[in-house]
Each structure stands twice: as C-alpha cells, then as structure tokens.
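One chain comes next, on its own, written as structure tokens: the form predicted alone.
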C-alpha cells in the first residue's frame, strides 16, 4: 500500500468511573484519565505520542464517563495539537475489543489503513512510529508492544511467547497461575481493519453456542446468567489468545520504560518517568533555577507558569507543581505532585506525596511517604481541601477531602 493511501486512526481506551476505584481519593475530583502527570493530564501523553504518527487523521477516546467530563479537554487538546480528537461514550462496558467494535462505523469513517489502539493507564515512551514500520513489515493483522520484566512480576500481566526471529506471537495467556514467559503485553497495539472481522467472529461463535444450549433446569439457567454478556469481548482472552500461532499477530519489543498506572503511588512514579522523558522530547517544560532569582531546582521539575515559588525554596527531583500553587520560603519538595491552588507555607517539607487541590500545608510541617509506589500506604496522599496545620507531621497516610489535621499521624487512613 502506497503512502498516499495510508491513513491512521488512533483509539485510546479511557475506561470509566467504576474502573478508577483504586485511584481514590484522587478520582473523586477528576476522571482518572485527566489526572495530571508531569503537569499534563494522563491521557495527554498517549495523545501527544499519536500526533507523531505519519498520516494520522483522527484520535478517538472511548470510555463510559459522562461526555461533559471530557468536553473541555477534548476541545482544548484538538486546538492545541491541530488533530481532531473526539470522545465516544459507551452506553455500558463492552470490554476492550467490544468497545472498539461498537464504534467501528466511526473509526472506519476515514477509511484507515491502520488503527492504533492504546490503553490510557499505560505509561511508556509510546514508540508508535517505529512500531508502525515494524507492523507493515510483518504483514499480519496486528502488532503488540511487549517488554521483558522480572519473572516474579510477569504473572500480574498478560504473558506471551514470540518467535525470536520472525517476532510472531505464538502463545498468549492473561495473568497465568504458572510462569509462561517474562515477555508481557504493554497494552499498545496496531491493527489493520481486519481486526473488526476477528471480533465479529467471536460474536457469531457466542450466538451459535447460545442457540445450541438447552436450558433444562433452574441451575443451568443460573449458570448461563453468570456468563459474560454476548456483547462483552475482551481483547486479550477472546482475540489475542485464539489468534496466536496463526501468523496473524506479531510483537514489537520496547527497551524503554513501561508501567501501568493503577494506583496513586504508581501515578507519582510515572510522573517522574514522564518528567525525565521531557529532557529529550520537551525540554522547554522543565524548570531551572539556582536559588538567586528563582528557586533552586534539582533534577526534573515541572512548574506551571501561574504557580508562585519563593526563590529560597528547593525543588526536586521528580516534582510537578500545578496551576496557582503557592510555595513559601524555605520549602523543600522532593518526589511529589502538587495540584492546583495548593499553598505550602514557610519551611514545610513534602516528600513522596500527592497534595490535593486547594489543600494547605502549614509552617514547619512535614508531609512524607516512604516511597514504595506499590504499597497501599507507600506514599502520602492528601485529598482536596485538606488543611495540615503548623508543625504537624503526616507520614505514610491517606487523608480524604475536606479534613483538618491538628495532630501528627502515621500510617493512617483518615476518613
């Protein structure tokens, strides 16, 4: 296919409110895909990566959040990137493949030669241009981004086996009980439109099985109701596994960073990964300062232009400061996300923490986590409008919105 005929549509799956429960209390205020990492909404990072794909004609966000929650962002990002971005709302969860299929008419409007499919809660460098080139050389209907991880952590993801030379996907299993491979699925794909035929085949097979099933008892009826809905199709178990070993799916390995953003702790780690990536992709977004006219900056730091930071503060590494935040004299910030309208007063310290919108940290106070991004209380999280009074210490704790802390706490969840 010549380049003049090539048209690429990107689809980013953003999930919905029932999918963001592990992200609380932060998802109480904002849809998880719009939570800022390195100063930009989570979904902004895969969208920015898609912009670099040659012949990109459209980006769709698919999820089951209310449309009004994405309207403002979609409008602004379309104008900023000069690429059409549109949000499509599912009436209910259809699964990763079912959701894609339910909007096939929209996706095929532009007659794309390739469809890029990404999960919003994936953090990586998104090597989409190189991946697309590999996909064309393979000649299959789909290519999966993969990465090698430790054998201990592999079972948390979809494990796969690929031919070392041809890169063909030979075997795929989702979260196996026994070790299969240290090569895992990154949740980033490139497909040809033939993927819709593969999904349709799953629908047909289910319908045929349903027609053959004879309900002879209440127990049989009950077991049938527990089965997945006919229109719920999972990309991994229902599409990837059956097509493995049939010369239709191939793999593209990334040697760069990759993480899943399932919890607030991982969002803090991923914010740091994106900040470090800015050095190569967007150095103008990183702050600098030596403590004379501007605060002392160490490592990778993002400061929103509207934030006010005292020159005697010391910021970094891995710090993101959002709009209208006020950072006082002598403040020390390390590995933290400071959200909109936060005030941190003189000589306070914040380490391995996320400070929620409109919160206040008093003078000489300390808000700190131990920095274990996977542990339940590995970082400290302050929800919206939390007031930490002067000289109060908050260690490894989660504080829900609209609370005032007058005494120090450690390893507590303040409801």
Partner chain sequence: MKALILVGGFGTRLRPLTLSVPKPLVDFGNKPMILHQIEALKEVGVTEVVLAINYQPEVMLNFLKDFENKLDIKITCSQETEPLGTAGPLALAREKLIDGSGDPFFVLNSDVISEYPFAQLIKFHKSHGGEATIMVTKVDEPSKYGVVVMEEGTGKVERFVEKPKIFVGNKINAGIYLLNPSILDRIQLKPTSIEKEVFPKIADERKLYAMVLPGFWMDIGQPRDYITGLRLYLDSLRKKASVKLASGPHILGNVLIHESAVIGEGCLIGPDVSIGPGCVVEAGVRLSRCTVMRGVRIKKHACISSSIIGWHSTVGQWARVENMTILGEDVHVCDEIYSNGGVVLPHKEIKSSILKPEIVM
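Positions refer to the first chain, counted from 1. Note that the structure is predicted; figures quoted are calculated from it, not measured.
One more form of this protein should be noted, the form predicted together with the partner chain, which is absent from this view; the next part is about it.
Proximity of residue 68 to the partner chain in the predicted complex falls outside the 4.5 Å heavy atom cutoff.
Using a 4.5 Å cutoff between non-hydrogen atoms, residue 398 counts as a contact of the partner chain in the predicted complex. The partner chain in the predicted complex is approached by residue 402, whose closest heavy atom lies within 4.5 angstroms of it. Although the partner is absent here, residue 25 is a contact residue: one of its heavy atoms lies within 4.5 angstroms of the partner chain in the predicted complex.
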